[in-house]
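A lone chain, given as C-alpha cells: the form predicted on its own.
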Amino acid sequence: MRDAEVRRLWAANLLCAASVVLTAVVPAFFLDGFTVLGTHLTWLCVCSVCVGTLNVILCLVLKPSLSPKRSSLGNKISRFLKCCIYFFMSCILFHAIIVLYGAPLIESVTETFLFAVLLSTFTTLQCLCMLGPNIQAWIRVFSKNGATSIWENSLQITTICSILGAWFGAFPIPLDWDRPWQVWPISCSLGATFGYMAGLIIAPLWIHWNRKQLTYKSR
C-alpha cells in the first residue's frame, strides 16, 4: 500500500468533512435567518448539493476507480444516465424504508424525502462515483473481505457509519423532552451527518492501523 494513496484518501475525506461544516456556516452569510435547526429543510438541500458535487469532483480529479479500458462517448452518457436513475431509485427506496421504520406516511412527506436524499448522497452517490452502476461490484465491496483497495474500504466504513448514525439519531424523537431538534427529521439527519463525518475520519485511521493485512489482501 502506497503512502501517497493514503494521503490522497486523507485529503479527500477531510475535504468532504470540511464541506459539511461549511454548509452549516457559509449559507448564513447569504440567507437571512439561516440555521441548521431553524431552516432545516434548506440546510438539507444545501448539504446534499454541496457534498454530492464535491464527491463527483473528487471522483473526476482523483480517479480512485479509473478503468484502464477506454469507453466511448455513448457508453459514458449511458453510464451517467444509469447513475442518475440509480440515485433517484435510492432516494425512493430510502424514503420507503424510513416510512416503514415509523416516519409519517402522508404528513412531512417533503421532510422525509429530503432526508432520504441526504442519506442517498452520503451512501449511494459515493458508490456510484466509485463503482458506477454495477450492482455486482456493490455486492462484492459490501460482502465480507470484498474490498480490494483503500477507497473501497473507506466506502464501506463511511456508508455503514452514515446509516448507523441515522438509525441512532431516531432514538431521541419519541422522548418527551420537547427540544427543537427532536422535530422530524432533524435528529436523524444530524445523526446521519455526524455518522458520515465520523466515517470519513475513522476510515483512514482504520486503514492505517490495518495496512499490513490490507496490503496482503490486495495482492
Partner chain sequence: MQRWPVLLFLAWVCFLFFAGIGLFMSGFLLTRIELANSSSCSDPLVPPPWDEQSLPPGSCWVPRRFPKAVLVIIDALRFEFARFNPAKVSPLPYENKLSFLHHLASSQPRHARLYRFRADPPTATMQRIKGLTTGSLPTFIDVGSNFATYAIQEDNLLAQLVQNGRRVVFMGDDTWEGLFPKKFFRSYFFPSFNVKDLHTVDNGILQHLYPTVDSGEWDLLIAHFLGVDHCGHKHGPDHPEMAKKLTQMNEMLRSLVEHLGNDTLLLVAGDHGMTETGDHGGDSEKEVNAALFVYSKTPLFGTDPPEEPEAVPQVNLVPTVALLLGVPIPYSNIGEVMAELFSGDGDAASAALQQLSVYHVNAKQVDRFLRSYSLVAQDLPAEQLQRLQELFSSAVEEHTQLLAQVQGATLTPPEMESRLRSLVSRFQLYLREARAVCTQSWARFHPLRMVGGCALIAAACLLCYVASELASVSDSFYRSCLLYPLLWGLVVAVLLGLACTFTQEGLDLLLLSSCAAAASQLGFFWHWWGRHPKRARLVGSQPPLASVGPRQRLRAWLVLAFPMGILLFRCGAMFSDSFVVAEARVAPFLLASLVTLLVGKLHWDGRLTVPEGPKQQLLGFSSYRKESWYLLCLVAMLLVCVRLSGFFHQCREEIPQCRPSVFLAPLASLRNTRAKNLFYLLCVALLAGMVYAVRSWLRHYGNLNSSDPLVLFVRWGFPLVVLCIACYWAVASSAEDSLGKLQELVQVAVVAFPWAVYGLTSVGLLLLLCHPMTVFAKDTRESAGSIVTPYQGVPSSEVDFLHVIPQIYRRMQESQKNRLERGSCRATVAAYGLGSVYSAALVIALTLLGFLLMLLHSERLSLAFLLLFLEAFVLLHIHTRARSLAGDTESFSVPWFAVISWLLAASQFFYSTGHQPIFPAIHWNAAFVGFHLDHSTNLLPAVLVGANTFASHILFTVGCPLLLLWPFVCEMPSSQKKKPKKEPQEELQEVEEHMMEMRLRESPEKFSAALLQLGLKYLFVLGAQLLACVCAAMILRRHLMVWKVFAPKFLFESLGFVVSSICLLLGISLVMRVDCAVSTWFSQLQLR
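Predicted model, so just to flag it, every value in this text is computed and none were measured. Numbering follows the first chain given and starts at 1.
One more form of this protein exists, namely the form predicted together with its partner chain; it is left out here, but the text below deals with it.
When you look in the model of the complex, the only residue of A170, L41, I57, V49 with a non-hydrogen atom within 4.5 Å of its partner chain is A170. If you check its partner chain in the model of the complex, you find no heavy atom from any of D3, L31 and T35 within 4.5 Å.
Though the partner is left out of this view, N134 does reach within 4.5 Å of its partner chain in the model of the complex, counting heavy atoms only. Taking the partner from the other structure, its partner chain in the model of the complex has a heavy atom within 4.5 Å of a heavy atom of G102. Contact annotation for V61: none of its heavy atoms lies within 4.5 Å of its partner chain in the model of the complex.
Contact check for P174: a heavy atom falls within 4.5 Å of its partner chain in the model of the complex. In plain terms, the part of the chain that comes close to its partner chain in the model of the complex, with a heavy atom within 4.5 Å, is 93-101 out of 93-101, 108-116, 76-84, 121-129.
Taking a 4.5 Å heavy atom cutoff to its partner chain in the model of the complex, the contacting residues in 133-152 are N134, Q136, A137, I139, R140, F142, S143, K144.
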